[in-house]
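Only one chain is included here, represented as structure tokens and corresponding to the form predicted alone.
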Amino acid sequence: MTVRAKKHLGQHFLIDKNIAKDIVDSLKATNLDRVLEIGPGMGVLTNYLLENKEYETYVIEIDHESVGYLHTHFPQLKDRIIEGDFLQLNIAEKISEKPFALIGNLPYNISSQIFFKVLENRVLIPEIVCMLQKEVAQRISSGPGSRVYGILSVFLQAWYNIEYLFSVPEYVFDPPPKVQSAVIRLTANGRTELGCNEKLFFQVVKQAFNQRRKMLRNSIRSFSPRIEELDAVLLTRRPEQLSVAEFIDLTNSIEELLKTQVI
């Protein structure tokens, strides 16, 4: 029995067991007693996850056919197979109220949405090892000054240290995707708060990168008519040149302007 890959779910099944083992071996799961796998499909990663006795493996799969396959071939998982959409999952209720690790060959068409879900639950998810589109992996793991550094890079790097581990060729999947893939690891960086207004931080980063070709004096002007009162050198820079710490400082500066702004 095999599972038919479904295009609308973005399914590309990894068939290379050596790469599957390398992905699972990249998971540290230090002091964590649970691991959740997203989109196990036919269980190529699951098989190696279950070899580790230091943590319990949970899986979440939206494809009903794959769920049936998993129940048949991995009966030891029992009620730890969750049929559903990770994006709609009540994580604390279904998985754990304590921190756990996340792993998976992510559906490339919703990988960004998955990371935003991770950010919402970052206290519960101190480590992620995942395979995704190489272009997205490079973007997320790149630092200031890179042309691919962007909104998701800043948001994730605010809370995680991110390592680009290795690239994965197309031919190790069935069916082969039209893009290259890569594996990355995200590990909580220990930051418990940003040191600025978090909601405003998200707004500033998004606004800056929505006009990434412009200097900051133009891209963030909508926050305040007094934006020119900020550091003159800073205002001549573009968003991809700013580190997370500098975006935090910028957010604090804008908030101070807003507090003293005459309405």
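Quick note: we count residues from 1 along the sequence shown, nothing fancier. None of these values were measured; they are calculated from a predicted model.
A second form of this protein, the form predicted in complex with S-adenosylmethionine (SAM), is not displayed here; the remarks below concern that form.
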Item checked: Which of 49 to 57, 198 to 206, 224 to 232, 36 to 44 lines the interface with S-adenosylmethionine (SAM) in the model of the complex (heavy atom within 4.5 Å) -> 36 to 44
Notebook entry, point to check: Though only this chain appears here, would residue 27 touch S-adenosylmethionine (SAM) in the model of the complex if you measure heavy atom gaps against 4.5 Å?
Noted result: no
Item checked: residue 11 within 4.5 Å of S-adenosylmethionine (SAM) in the model of the complex, heavy atoms -> yes
Check: Are any of the heavy atoms in residue 216 no more than 4.5 Å from a heavy atom of S-adenosylmethionine (SAM) in the model of the complex?
Finding: no
Check: Taking heavy atoms only, is residue 85 within 4.5 angstroms of S-adenosylmethionine (SAM) in the model of the complex?
Finding: yes
Checklist line | Answer option from 136, 110, 118, 77, heavy atom within 4.5 Å of S-adenosylmethionine (SAM) in the model of the complex | finding: 110
Next item on the list: Work out which of 186, 106, 102, 140 lies within 4.5 Å of S-adenosylmethionine (SAM) in the model of the complex, going by heavy atoms.
Entry: 106
